[in-house]
Structures are given as structure tokens and as C-alpha cells.
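What follows is one chain in C-alpha cells, specifically the form predicted on its own.
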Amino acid sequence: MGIIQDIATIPLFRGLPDKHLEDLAMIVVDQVFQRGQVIFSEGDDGNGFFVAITGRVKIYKMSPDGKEQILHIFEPGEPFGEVPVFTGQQFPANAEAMKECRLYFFPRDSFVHLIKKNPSLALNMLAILSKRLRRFTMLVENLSLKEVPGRLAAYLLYLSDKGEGARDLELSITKGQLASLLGTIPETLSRILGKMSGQGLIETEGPKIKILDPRGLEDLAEWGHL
């Protein structure tokens, strides 16, 4: 698949005419990062944004005592680091390749120039940012107001929604990474998964999780108690 065809499949650019896709292909920088390689660090100048083409990327912050808090995990097709395109500010967190990644980098100045020529690009990006804002609002709410069982239930429902209501899920990250994403430790996560299985909410087998009681998960996500 060529660069123009790759760009056409990215939700951010879906539906754009060929001429605009060709303009985007002219400014994109095709990059490859190895597993564990830092893509950008907190405080780096936000001189552009990325779209994952293959692989997986984690966005995280480090506490003063060295504890990692994963904020989001991006899969192929998802943009990240895009806020500085509008603000011209620094990256507010770190980004690291979780496995070998092919990323498309869109330089800020060149992309802003294209937006001025084609305002529909801005509308597409605003839609993506709106979804991202809702996701981070939920993350803040989950971490600050809900106990770990409620956070886990909300995350499983989020994965189900991404799969258009799928009940058979397969974690694409380790349980240690999931624990970090939920603001807990692996031992606590394993205990809660066991309790949820015992109560008939889910069924687990390695990285595979089957949702048995969606309504029960919704109640747990709302109230947060097992």
C-alpha cells in the first residue's frame, strides 16, 4: 500500500478528495521506531503530530518517585501529539513505542498551511479531538472518583464499544501495562479479575476476556464496587 492509500484509511483524513490526500503525502515524514524507543519526551517542542500506521504507542507520565502512569495507548490509524499543532506548545507527556512502529509524522507548519487551504481538515481534526477530550475526561473521572473495579469495568466497556459491541475481547497489552493504565498494580488487577469472573461478569483465559454480563459491568462501572 502506498503513502496516499495509507493516508486515505486514516479516520482523521477519511473522505478527503484525492488532491488533498496528495497534498498530505507531500508533507508527511515516514518514520520507524523500535520497541522501547522514545518518540518524544515531555517538554519537547510540539513541532508536529503523529499517526500510527503499524505497531502500538503508549503515552505516559512519570511521577517524581519514578512511577509510570500510562495515559493512553494508541493503535494503528490513531493520531497522537496533535494538540501542539494548534497551540504551538510543548508535548505534555512522553510517547514510547510498545512494539516496532511505523509512524507518519506531519510537521506543524506544513499542516497548518494545508488547513488554511482546506478548512475541512480542521473539522475532521476537531471531531477527533472532541472524542479524545471525552476519553480523557473519563480517565480523570475514573482515576479520581472510582475504585479500581469500576475503572476496570469502564475500560472493558470501552474496548467493547471500540469493537462495536463485541463481547469477546483480547487484550493487546500486558496485564502490567493495563494495571498502569488503570492506576493500580498487577496483583490488585489479577484479584479483581478473579472476583469479576467469580461473580459471572466476565470469563478470562490469558489475554482473552469474554463479557458475560454487560449490564452488570455497566453497574460496576457506575458504582465501582464489587
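All values derive from a computational prediction rather than experimental measurement. Whichever C-alpha set is largest while still superposing within 1.5 Å between the two forms counts as the rigid core. Numbering starts at 1 and runs along the sequence shown.
Although it is not shown, the form predicted in complex with the DNA is what the next lines describe.
Here the marked residues Asp65, Lys175 and Thr188 all reach the DNA in the model of the complex, each with a heavy atom within 4.5 angstroms. Scanning Ile192, Leu201, Val57, Val51 against the DNA in the model of the complex with a 4.5 Å heavy atom cut-off leaves one residue, Ile192. For the residues Asp109, Glu75, Glu100, Glu147, the 4.5 Å heavy atom test against the DNA in the model of the complex is passed only by Glu147. Look at 38 to 46, 158 to 166, 24 to 32, 65 to 73: in the model of the complex, residues with non-hydrogen atoms within 4.5 angstroms of the DNA sit in 65 to 73. Remark: Thr184 counts among the residues lining the DNA in the model of the complex, judged by a heavy atom distance of 4.5 Å or less. Within 4.5 angstroms of the DNA in the model of the complex, the stretch 197 to 214 places no non-hydrogen atom at all.
The two forms, fitted on the rigid core, differ between this form and the one not shown by 2 Å or more at the CA of Pro207. Once both forms are overlaid on the rigid core, the distance between the two CA positions of Arg35 between this form and the one not shown is under 2 angstroms. Once you line up the core between this form and the one not shown, the Cα of Thr54 stays within less than 2 Å of where it was.
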